[in-house]
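Here you get one chain, nothing else, as structure tokens; it is the form predicted on its own.
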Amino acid sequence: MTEQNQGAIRVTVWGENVHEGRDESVRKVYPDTMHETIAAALRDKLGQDVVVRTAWLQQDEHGLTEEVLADTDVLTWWGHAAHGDVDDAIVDRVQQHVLSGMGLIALHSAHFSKIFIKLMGTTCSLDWRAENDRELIWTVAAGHPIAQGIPHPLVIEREEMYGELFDIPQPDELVFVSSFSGGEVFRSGCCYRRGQGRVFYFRPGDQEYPTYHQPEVQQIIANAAKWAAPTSPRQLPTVHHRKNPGWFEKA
């Protein structure tokens, strides 16, 4: 890390990297891959306040070694076609880092990722339709740091629809809800705290649409990275045995 980046948020952008190699339609939208597009957006929006690396499914240990995660303040996660190919040992490793204080941003179909389901403890199932819906993203937590600088509503002209019921725990903070052309609504910006870590789920981002090229969407992810970054040294919560009941009076 260079001197100018000291104190910067260290973000690892993780991508499944399956559609980009398999589907010509996705390569046309994201010729540099989805994860590199998101990484470039974070560098553009946050400048010297961020250091970004990318990792993807096909790398050894999916690019998420113990060393990489220890050097990551915030991990963004996009997956869709290969959730089952993610090694359970890597999921456990990521969970331990989140519980210790690493932030996690789960994007779009990462609602079905092993790590998000493990952290939520529910099915994380939902309704969906891929029919070029218009999505309106409404801010419902005015003043929340993730919503700073975002229009109300934010309009995404073409996207996949996600609809309720979204089987997730009640969010600690609900920042955005979405409405769609068919009348459906969806909790599309959800904040959680798990152990010492902060988790943000953000709905938009189907691979067939240029959503991650949209500046306002990029700004939300950048805002979320700042919100999710740890504010104190990372430490896994542990059990402490108080052997002496008089410890307080003697302190």
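The first residue of the sequence shown is number 1, and the count goes up from there. Since we're looking at a predicted model, the values are computed, not measured.
Just so it is clear, the following notes concern the form predicted together with a further copy of the same chain, a form of the same protein that is not shown.
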May I ask whether Thr37, Asp60 and Gly84 all come within 4.5 angstroms of a further copy of the same chain in the predicted complex, judged by heavy atoms? no
Which among 85-93, 69-77, 154-162, 102-110 is in contact with a further copy of the same chain in the predicted complex, heavy atoms within 4.5 angstroms? 154-162
Although a further copy of the same chain is absent from this view, report whether Arg43 comes within 4.5 Å of it in the predicted complex, heavy atoms only. no
Is Gly47 close enough to touch a further copy of the same chain in the predicted complex, meaning at least one heavy atom pair within 4.5 Å? no
Is there a non-hydrogen atom of Gly195 within 4.5 angstroms of a non-hydrogen atom of a further copy of the same chain in the predicted complex? yes
Closest heavy atom of Arg242 to a further copy of the same chain in the predicted complex, within 4.5 Å or not? yes
Taking only heavy atoms into account, state which residues of 173-203 are within 4.5 Å of a further copy of the same chain in the predicted complex, ordered by sequence. Glu173, Leu174, Val177, Ser178, Ser179, Phe180, Ser181, Gly182, Gly183, Glu184, Val185, Arg187, Arg193, Arg194, Gly195, Gln196, Arg198
